[in-house]
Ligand SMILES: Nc1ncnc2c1ncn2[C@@H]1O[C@H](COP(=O)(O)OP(=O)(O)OP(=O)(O)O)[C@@H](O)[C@H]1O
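Presented below, as structure tokens, is a lone chain in the form predicted on its own.
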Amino acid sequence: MTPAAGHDADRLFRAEALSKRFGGVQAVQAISFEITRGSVFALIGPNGAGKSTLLNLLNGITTADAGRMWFGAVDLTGLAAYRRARLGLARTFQKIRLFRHLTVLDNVLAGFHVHHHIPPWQYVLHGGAYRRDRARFREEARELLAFVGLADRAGVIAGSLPYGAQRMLEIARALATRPRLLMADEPAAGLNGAEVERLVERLARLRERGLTLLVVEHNMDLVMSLADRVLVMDYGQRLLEGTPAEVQENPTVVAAYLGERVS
């Protein structure tokens, strides 16, 4: 195997010169990076740096003005968000987006819709294939709820959960899609210290299971304890990419977080 071939085998995701403008604002400007299989890749930067916009480009919610993306060998350019989900790209959001009037269990079951492989008529008449799918997914959903610590709240209405529990439920729903790359947009936002510790422990367990993670986060303790590589953005641009130690020690990064304009 050539070094190039081995590198391609290790690489799960690659972005090349992604750009997005909203009116007069260049939200993302020529961002390139790649994510290795089984790693944790962190995306950090001050508020307004373009992090969430970049995530929207990756999962297809927003269309890039320029640039390309590959998920494994698949070119994602022009591919709809639901098709990316079927390939194994999952996403949680900075602002929680649950089905608030459904139960906790039903929220997780909703994530399995990309894996239904039954004739359309079975959704109406509920034949044997439909019942088998439903039973299998309910079992898996309960396992996911146990994993995030919500096994005893399966029948609770999602909107009545405490904020931290809603965060964990959103992760469980994303995992129901059986992703190969989980993109988490500020998963620690609004959590207290104990909840952050539980979140870090579960993200670490997901990595141990072989899941690749892209985490957008302001909590630097979380980033520095989990990430293999860190990409720093500021004003829509790539400021630096490196190991957590390299990022922590870089004066340009420190200046950006203190609000100083970097020349």
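Since the model is a prediction, treat every value here as computed from it, not as a measurement. In this text, residue numbers run from 1 along the sequence as written.
Here the subject shifts to the form predicted together with this ligand, a form of this protein not shown in this document.
Looking at heavy atoms inside 4.5 Å, which stretch does this ligand contact in the predicted bound form, given the options 47 to 55, 30 to 38, 203 to 211, 66 to 74? Looking at the partner contacts, the answer comes out as 47 to 55.
Here the chain is shown alone; which of A9, V254, A245, V25 has a heavy atom within 4.5 Å of this ligand in the predicted bound form? Contact residue from the list: V25.
Among the candidates H218, R238, R198, R229, the residue which, in the predicted bound form, approaches this ligand to within 4.5 Å (heavy atoms): In short, H218.
Taking this ligand as it sits in the predicted bound form, is E186 in contact with it (heavy atom to heavy atom, 4.5 Å or less)? Yes, E186 lies within 4.5 Å of this ligand in the predicted bound form.
Do Q94 and this ligand come within 4.5 Å of each other in the predicted bound form, heavy atoms counted? Yes - in the predicted bound form, heavy atoms of Q94 and this ligand come within 4.5 Å of each other.
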